[in-house]
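Below sits a lone chain in structure tokens, taken as the form predicted on its own.
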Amino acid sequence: MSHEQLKRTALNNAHRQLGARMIDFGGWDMPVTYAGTIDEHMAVRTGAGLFDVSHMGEIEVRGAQALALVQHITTNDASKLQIGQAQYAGLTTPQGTFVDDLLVHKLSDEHYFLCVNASNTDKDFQWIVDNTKEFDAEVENTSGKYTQIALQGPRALEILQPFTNVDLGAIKYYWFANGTIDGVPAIIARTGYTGEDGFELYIDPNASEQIWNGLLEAGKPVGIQPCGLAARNTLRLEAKMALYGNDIDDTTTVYEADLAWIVKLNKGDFIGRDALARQKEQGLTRKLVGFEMIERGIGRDHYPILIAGQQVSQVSSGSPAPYLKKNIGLAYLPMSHVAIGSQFQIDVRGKLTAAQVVATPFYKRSA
């Protein structure tokens, strides 16, 4: 796709002014790095980082049967949500595999706000529409109405608080509030994809540069960095957060992805429930695990994985972990090798290199 055809977020010019290196990411012209991935990663772990994640999709569900519709298409139990609360869930096929993973926010009893992956937005919207025709609810793709900015890191709250009257400290993890940021109406969610504390802000695209530049300026004393997709990837990997297209897709079930905690079989019927119930009863043949390299080498995405000389799978996500100073990754392994300490080999550019299964998340912030 030529540069002209790429979709751009409202912050495209801001990224270019900051000297970002831009790439085509799922049809979007997005910043991959500014100062360098390691600097950006470390800023988020120790201070704060600011991400433009406006390429993510927003789909809203409204109506008398909004909850019933959300329950039908997702694996988690949205009936447990209070107004102002969010949950992570799977959007599943009848086979119990992923159409996508998403965040479900309850705005009111008849209004739910779904945040989905950028490259899947159109597919997800169509899937939801096709599977909910019998519900008394409206489904709308509202992605164009929002800029999404993520302010992440241990200093995020102190940077953001002067911009809003909302008591940010009172918002618990995976809860959100409606308020204003610098006078601009915003959904302020205490969520993120980095393993750190922080906030994801949904605002009017016309206010994007005002908020982005204001936060960068306010965060200077604590070393805030604008962060690109590369640091977002290494941060989420250290926190063992799955990436659609790498670690989960329509060939991997929610149980295989080690996400049993987002499957609520007892909530009633939902798309994929029968397949997941059957798999739970019969047992898994493979599972997503975390590993670290025990010999020199980096097990990168798609590198072959071998056990006893036979290829069994491939690395789904793998890279150096800047904060942990280890080479880590995720992969699907047969159940015989998912126990912590199990060893296997990765073909690192023609050299068989040892790795072992470790406990995850690799990184967990101190509360």
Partner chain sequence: MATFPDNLSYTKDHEWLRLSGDTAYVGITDFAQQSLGDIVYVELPKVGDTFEISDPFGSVESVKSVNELFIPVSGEVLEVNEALADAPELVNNDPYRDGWMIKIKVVDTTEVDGLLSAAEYEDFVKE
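Positions refer to the first chain, counted from 1. Keep in mind that what you see is a predicted model, and the values were worked out from it rather than measured.
What follows is about the form predicted together with its partner chain, which we do not show.
Visitor: Taking any heavy atom pair closer than or equal to 4.5 Å as contact, tell me whether G26 reaches its partner chain in the predicted complex.
Guide: No - in the predicted complex, heavy atoms of G26 and its partner chain never come within 4.5 Å of each other.
Visitor: Even though the partner isn't displayed, in the predicted complex is R296 close enough to its partner chain, meaning a heavy atom within 4.5 Å?
Guide: R296 belongs to the contact set for its partner chain.
Visitor: Considering only heavy atoms, tell me if R300 and its partner chain come within 4.5 Å of each other in the predicted complex.
Guide: Result yes; R300 sits at the interface with its partner chain in the predicted complex.
Visitor: With a cut-off of 4.5 Å between heavy atoms, is P320 one of the residues that contacts its partner chain in the predicted complex?
Guide: Residue-level check for P320: yes, a contact with its partner chain.
Visitor: Using heavy atoms and a 4.5 Å cut-off, decide whether K80, H111 and D250 all contact its partner chain in the predicted complex.
Guide: No, because K80, H111 and D250 lack any heavy atom that approaches its partner chain to within 4.5 Å in the predicted complex.
Visitor: Under a 4.5 angstroms heavy atom criterion, identify the one residue in M335, L324, A64, I38 near its partner chain in the predicted complex.
Guide: Of the listed residues, the single hit is I38.
Visitor: Considering its partner chain in the predicted complex, which of Q152, Q148, T234, T75 comes within 4.5 Å of it through any heavy atom?
Guide: For this set of options, the contacting one is T234.
Visitor: Within 4.5 Å of its partner chain in the predicted complex, counting heavy atoms only, one of 260-268, 226-234, 111-119, 91-99 shows up; tell me which.
Guide: In the other structure, the partner sits against 226-234.
Visitor: Just give me the residues of 334-361, first to last, that have a heavy atom within 4.5 Å of its partner chain in the predicted complex.
Guide: Result: R349, K351.
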